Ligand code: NDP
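So this first bit is one chain, no partners, the form predicted alone, shown in structure tokens.
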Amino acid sequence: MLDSYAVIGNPISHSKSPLIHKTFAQQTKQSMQYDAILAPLEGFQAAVESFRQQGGKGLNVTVPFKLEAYRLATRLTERATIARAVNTLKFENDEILGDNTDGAGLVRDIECNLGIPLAEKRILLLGAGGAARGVILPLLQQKPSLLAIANRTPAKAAALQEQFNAYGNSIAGDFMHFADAHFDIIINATSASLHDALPELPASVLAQATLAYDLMYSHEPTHFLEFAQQNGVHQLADGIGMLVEQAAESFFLWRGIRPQTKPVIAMLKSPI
């Protein structure tokens, strides 16, 4: 009987997680299967319990269930506790371990795959929703000189800044608040790219940036990355590397083996 894992979300048909984890399993010779579960918007807990009752070992959790997964877990890792959001569940006996691998995946992609150290960098994080919440602590743990959190609603950015203030140097404001500031790295964690839109970011912010990173991924550049390129940013990256790296972090939590990520990233980036 193969050990069973899955990704759970709504919607879920677009997810690349089954392909990624099946590739990891083949690469590391693990006896496991990995599926996708479409959970009703009001039925996340019931879907998780059904999966557990059928012998499921672990789940990746995607939108819109990361906060529900956080509440469902009976034990949390430090990074999940601080993020207050969970994207990975591991089932052992009666325990539900909740972890958040998003930020670790982002850091590994930027530092290991793109070759850009985060220490002493000035970083601008766009957005104050669940995506931003999951990456702030791992970013701050790399000791940037500054992490600025910008959001259309500045109160939400300020609340996040206050939540994570003890872990590093951070400030908050709306997008225009940083019009005269300069940053090395700008990370788009807003939902704008989902809607083919652009965060309300003044072009002046991009003047000294060496990297523009969009947590969204697609075969075509997002509007944010196109905007960054038009304003002189030479290194651009979408979220495909982060997706694979956070999956590898989940895989390691479940199986105790760290798969090779670069071949999987190359596979997903290759033309269809």
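The first residue of the shown sequence is 1; numbering continues from there. Just so we're clear, the structure is a prediction, and the values are computed from it rather than from any experiment.
Omitted here: the form predicted together with the named molecule. The next part is about that form.
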Specify the contacting stretch among 75-83, 162-170, 179-187, 193-201, defined as having any heavy atom within 4.5 Å of the named molecule in the model of the complex.
193-201
Residue (of 233, 237, 48, 243) lying close to the named molecule in the model of the complex, criterion heavy atoms within 4.5 Å
243
Interface check vs the named molecule in the model of the complex: of 209, 225, 39, 216, the one with a heavy atom inside 4.5 Å is 216
Test of understanding: in the model of the complex, would residue 91 fall inside 4.5 Å of the named molecule by heavy atoms?
no
Contact between residue 122 and the named molecule in the model of the complex at 4.5 Å, heavy atoms?
no
Using 4.5 Å between non-hydrogen atoms, is residue 153 touching the named molecule in the model of the complex?
yes
Quick one: does residue 99 come within 4.5 Å of the named molecule in the model of the complex, counting heavy atoms only?
no
Residues in 125-142 that come within 4.5 Å of the named molecule in the model of the complex by at least one heavy atom, in order, are 127, 128, 129, 130, 131, 132
